[in-house]
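One chain is shown next in structure tokens, namely the form predicted alone.
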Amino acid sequence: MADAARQTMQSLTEGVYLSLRRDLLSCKIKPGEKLKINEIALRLGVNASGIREALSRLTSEGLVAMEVQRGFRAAPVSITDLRDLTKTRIQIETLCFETALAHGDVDWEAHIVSAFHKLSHLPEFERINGQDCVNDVWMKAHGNFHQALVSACDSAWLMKMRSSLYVQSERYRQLSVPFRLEAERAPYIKAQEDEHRILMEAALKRDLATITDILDAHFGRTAQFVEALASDIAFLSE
């Protein structure tokens, strides 16, 4: 019975962690927002210790900030952080690519082609309750595609850093959604699809120069969109 109870508690804590993580990444929980343990526990039906454990995990991922004697808050966002994040992400992703190109085999190539095929057949946006939203299935396929591209990288530390940077960039991607839904939406989507195809083809050709150029444009676009919206995002600081 004790083991069953422990497994149930672990399952609930994992569910809380995933729920909070999803809300943080989607900015449903706004950056800088105070995370009140008792309120979250009541809303999710889990005891306070489970919430604290989940928040501690999210703190280690950089999605939550813990302030001494002030509790937890969703990690803040800023233009300075976004610029630094984008620059560092391009550098680390390029290093992962360089190693992947040297070690990738036919299975790696097949994985890339399969991931691209799935991504290219999904719409980025869907209409829910009369409002355009990012398609969760597309988001997962998009992450899987970029992961597939560098999956032959044999450096655990590089891949760990890459994963952390990817998670942080997802919050900024969510902030750029209003811009991507403007009148220029169709050209934006076409450019993004073209870049995904070029990345796939360049990986198969082991063309690092092209990959580097595309990564700079591909990752940099989110930063450009967020900066364009900066005046409309109250919680985005300089």
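Residues carry their position along the shown sequence, with the first being 1. Here the structure is a predicted model, which means the values were calculated and not measured.
Just so it is clear, the following notes concern the form predicted in complex with a further copy of the same chain, a form of the same protein that is not shown.
Screening 120-128, 107-115, 134-142, 152-160 for residues having heavy atoms within 4.5 Å of a further copy of the same chain in the predicted complex returns a single hit, 152-160. Taking 74, 77, 148, 165 one by one, only a single residue has any non-hydrogen atom within 4.5 Å of a further copy of the same chain in the predicted complex, and it is 165.
This chain lacks the partner; the member of 227, 14, 23, 216 within 4.5 angstroms of a further copy of the same chain in the predicted complex by a non-hydrogen atom is 14. Taking the partner from elsewhere, every residue among 49, 85 and 91 has a non-hydrogen atom within 4.5 angstroms of a further copy of the same chain in the predicted complex.
Using a 4.5 angstroms threshold between heavy atoms, residue 197 stays clear of a further copy of the same chain in the predicted complex. Contact annotation: residue 60 falls within 4.5 Å of a further copy of the same chain in the predicted complex, judged by heavy atom distances. Residue contact check for residue 66: one or more of its heavy atoms lie within 4.5 Å of a further copy of the same chain in the predicted complex. Contact between residue 53 and a further copy of the same chain in the predicted complex is found at the 4.5 Å heavy atom cutoff.
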